[in-house]
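In the block that follows, a single chain appears as structure tokens, in the form predicted alone.
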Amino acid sequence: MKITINDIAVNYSDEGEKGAPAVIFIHGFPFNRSMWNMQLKALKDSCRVISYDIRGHGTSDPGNEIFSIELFVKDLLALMDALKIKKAVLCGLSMGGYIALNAIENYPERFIALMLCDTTCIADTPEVKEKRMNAIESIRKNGVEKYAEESIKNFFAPESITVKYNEIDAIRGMIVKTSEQTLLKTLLALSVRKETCSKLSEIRVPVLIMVGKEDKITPPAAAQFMHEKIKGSSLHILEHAGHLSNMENPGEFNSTLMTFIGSKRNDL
């Protein structure tokens, strides 16, 4: 389905009971909402589940504004308003986690629980910024397909590379279908994003943190750091998974997700 918010058309899915707690899934970079398909299928009988393509990704319009995490948060809130969702549970992976953390820092009254997956609260270090600039140069010089092949090596655990053929093909497809302009604009946005670590202690909603044991991009140490800063948070490290833990180990991921939501049902 498509809906117009902030002068762009946004592609989204909205399944489950409309009166049930709303769970909004925010995808990572450079993917789209389809990365959450298995989670929507698992939760739609007990929750209202929503996933959407961040502007420029999937089939959502890019618009004309300079990309930033703050702009992505603005889009998220506009989507919630358009769908008449006063409060929601947020689940973000990687870039989706950056958006979720920024959103709850600035609009805490709109969210009732948080699930942070394979993400971090720190801003890019100089080394990571350099890697993003190198990626921009590589995309300009060698194209999107080459960038996709190089990225896949970091997204998946070594074990997944040898057995998760369908998932790898799906991720490769998501990346190559993303426009070069969107890739460049998002890489720049990620490189200048602000840290959210200093505000973690102020989070007052239930928080679940999940990370793949073999995540090389946002490793378990980053998840542990957030867990220690967020009072009362839960931490779950998933076996047989790298940076895309929801796709690499969906059984354990979904079970953990459902247990967390079920345990907080009276609070949602």
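Bear in mind the structure is a predicted one, so any value in this text is a computation, not a measurement. So that there is no doubt, residue numbering starts at 1 and follows the sequence shown.
This next part talks about the form predicted together with a small molecule, which is not shown.
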Problem - Partner-proximal stretch of 44 to 52, 62 to 70, 27 to 35, 197 to 205 relative to the small molecule in the predicted complex, 4.5 angstroms, heavy atom - result: 27 to 35
Handout entry: Contact test in the predicted complex: residue 87 vs the small molecule, heavy atoms, 4.5 Å
Key = no
Exercise for the section: Report whether the minimum heavy atom distance between residue 217 and the small molecule in the predicted complex is within 4.5 Å. Expected result: yes
Exercise for the section: Considering only heavy atoms, tell me if residue 98 and the small molecule come within 4.5 Å of each other in the predicted complex. Expected result: yes
Exercise for the section: Classify residue 177 as contacting or not contacting the small molecule in the predicted complex by the rule of any non-hydrogen atom within 4.5 angstroms, answering yes or no. Expected result: no
Completion exercise
in the predicted complex, the residue from 132, 74, 110, 172 with a non-hydrogen atom within 4.5 Å of the small molecule is 132
Exercise for the section: Note which of 121, 148, 190, 139 lies within 4.5 Å of the small molecule in the predicted complex, where distance is taken over heavy atoms; exactly one does. Expected result: 190
